[in-house]
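Next up: the same protein chain in two forms, each one alone, written as structure tokens (structure 1, then structure 2).
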Structure 1
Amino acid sequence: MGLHSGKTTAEKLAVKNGITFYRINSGKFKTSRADVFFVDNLSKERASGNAILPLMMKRGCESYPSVQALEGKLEELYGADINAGVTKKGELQFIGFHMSHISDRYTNGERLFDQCSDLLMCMLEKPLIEKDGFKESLFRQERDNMVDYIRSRVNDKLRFSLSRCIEEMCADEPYSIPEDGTEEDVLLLDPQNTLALYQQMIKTYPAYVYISGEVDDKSIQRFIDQFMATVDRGNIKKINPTNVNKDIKEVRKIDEQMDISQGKLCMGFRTFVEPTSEEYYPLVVYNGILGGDAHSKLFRNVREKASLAYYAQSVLEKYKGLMIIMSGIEAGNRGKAEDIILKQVEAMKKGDIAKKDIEATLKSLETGMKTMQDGQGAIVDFFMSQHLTESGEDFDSMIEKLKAVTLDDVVKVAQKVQLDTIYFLKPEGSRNEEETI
């Protein structure tokens, strides 16, 4: 477990009781970092409860029982940072805790990683509880904050329309559940049932731990031993694979109205490509050519040539096998915009792809992969993605696999892509151009 520079890699250090420890080797950073992720199957019953746990746990712990005490300690530790939150990847929910501090070599011999990891462990093991639940006053505050946050989702119309498209498209699948659940489910939480869920998380959810930056072997081993010794774990929960297949009987069309000036068009496609499949690499290139960048077909044809859209792009959901095309348009241009978008999807199936499009996409993807390595959080997210899909790729090997993609590979994967749902968020009182004929 020696210090490493140069190529960015992830090295598995230990696996025990459903916890896998990794060390990320990269000589780039002046900060050291530990990331802990607990993983659960995404479900309506637990999504909101899982989402409030990190909010409660970052309010303090037994040794630092207030935000002021916690912030004071972090200030002492050269302005160290502790954060927490939830994300979803496919039909899994990740409850993440992150700790970072400046590298020990800048601290005149102080062992910062040891002190910061002790603080992280205090948060994980000894949250603020009273009687048989979380501390009531804090819980009420965080539950109110969470309700406010969920209500505020509607303010970002692009993100809201994307979420609504996914909710409709995956209505009978776990993927339709938002990563932080729903307002009605948050309101069912109380300090007692949330503490019971915390006990489940800490004892039974599988976990991934990533340590990055310049941390010596002794400190890493101390952290692993501490983690193993203090958390009593058993009956580790089984994580379900995310299903990417669905029989599309007909394309669903959903229109909703809101007080907005610009329509939001979202077209949801199923790719039927597993993230573990070799077809995933051609799919990434396919998405890049279609709508991933300023050189893409959607950008050129919908936005620039036809001047129909304020933006036009496509995004992949790797784990669920979805591709969503998003466009901001005038309500009256909806039909034209849909037609041009679908023509671009058809052009991909026919292989109507210029060599320069593939070259520009590969260059853009390579730049993106290199830029990703400039952020510790992005590196951790990349490797966790590889570990989830058990692909074993690092940045260099993934770049090589993307560069090896041919036009035939892209055309082959294009045949699998099927339209599932069209969602349109339109200004109140507006009519579609079809209605005005």
Structure 2
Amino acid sequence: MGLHSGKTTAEKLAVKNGITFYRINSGKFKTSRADVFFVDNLSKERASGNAILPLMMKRGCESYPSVQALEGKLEELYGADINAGVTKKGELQFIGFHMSHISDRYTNGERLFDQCSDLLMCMLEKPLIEKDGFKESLFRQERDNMVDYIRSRVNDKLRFSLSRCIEEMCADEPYSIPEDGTEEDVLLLDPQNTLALYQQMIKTYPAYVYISGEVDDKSIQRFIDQFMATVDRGNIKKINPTNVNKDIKEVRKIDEQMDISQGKLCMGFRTFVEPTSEEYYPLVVYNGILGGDAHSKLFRNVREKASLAYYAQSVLEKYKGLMIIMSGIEAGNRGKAEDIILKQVEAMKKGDIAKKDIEATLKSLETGMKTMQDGQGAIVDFFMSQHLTESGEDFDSMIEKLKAVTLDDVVKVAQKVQLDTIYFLKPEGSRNEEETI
């Protein structure tokens, strides 16, 4: 062991054919990985199509033309893994492909990176196609699965209420589009138009590659030389910045009913803070004090003092400048819970913040930044975010910026935060009248 355990860095290796290659330096992991991201502007027209692409890639490729063949090969490679899927950050959609395998020191001399990256390249560059479209039978299955998947969003009540809140809050903004699109847009997909979209992805979407773990220079060079080498990527698409501003005329209140036991309250706020602005760091601290950890105002007041909830927390969407407060409560306690939550938001604006709370938050954020470096995937995600916003920060510099935040900075940000939408997913048949104190 004793590989460099110091600073975690991302070193730019090459920009080639419209693809930026990075190497993550951190030697403590037992696995090596390659993470590939294609980036697109989040749009109604392409969100569903982009989302079905990784599903099609996972069905196999020329050399391993079925899931069974592909998975069998991965098993032979000591349980190597290739996963793929879409995520959204702000108003951008990411199509990610993630390959990982155990390091060669554990394989009795077998070298895995070249073999696994060949498999990854095969999936990406030689998917299962017939005539001018994706293989029809596979395509139909994946389209059906996507429809089922989108419908099953309702199964997870917390995530469902969160995404409904965001859909309503950002109704006329691209951010309202779910990361894997909508059922009606999935149904517009066919093998031909999806293959055309695939061509757009590999030819025109900006692409980033991160290689991490114990991979030797020769294998890295081989990867850079071969990855997408035959694809003409001369015309890379422009990516739009996410808009964090919007005029809030009045607070929207949306109640929906479902046959459930627990009501889910989601309160959507806008912070009007860009991820690249200096105000971003005070915002992170603000969110931590208000609803981050067990020391936060929401946890203390909604859960510990009033016993209204098991969870009461706030989360930031960094790129869109949103803050959502969530809590699961009895329907009859809804008014009480809203009051307590809004009082905490008000207290933040007034600067009613104990010194020990700001200190605890700063420490907890520092711990978070340090432990993030113990997760190989988390490191990739961190640097991806930095490269996306061209922030140039690394873990250490970000910790310094957070530690420099003062109470005044937090209060200044608190002034900007505005309530936009209150969404409540309400148990059917629950009492409509609210308890009054």
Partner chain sequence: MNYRTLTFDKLGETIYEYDHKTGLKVFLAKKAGYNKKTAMFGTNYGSMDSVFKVQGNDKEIHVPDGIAHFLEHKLFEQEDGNMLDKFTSLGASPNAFTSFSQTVYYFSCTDLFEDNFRMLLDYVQNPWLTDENVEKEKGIIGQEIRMYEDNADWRVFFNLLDCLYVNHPVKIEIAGTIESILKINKELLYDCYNTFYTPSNMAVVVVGDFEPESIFSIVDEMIQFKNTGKVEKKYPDEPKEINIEYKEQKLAVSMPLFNMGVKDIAKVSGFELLKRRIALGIALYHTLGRSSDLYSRLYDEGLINDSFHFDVSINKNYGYLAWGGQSPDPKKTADIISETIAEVKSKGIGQEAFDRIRKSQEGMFIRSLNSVDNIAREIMDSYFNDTNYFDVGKAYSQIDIDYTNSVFREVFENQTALAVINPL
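Quick note, the numbers are simply positions in structure 1, starting from 1. Note that the coordinates shown come from a computational prediction; the quantities given were computed from them, not determined experimentally. In this text, the rigid core denotes the largest set of C-alpha atoms whose superposition between the two forms falls within 1.5 Å.
For this session: Go through 1 and 2 and tell me the one that is the form predicted alone.
Result: Of the two, structure 1 is the form predicted alone.
For this session: Note yes or no: does the Cα of residue 17 move by 2 Å or more between the two structures after the core is superposed?
Result: Shift at residue 17: 2 Å or more after core fit.
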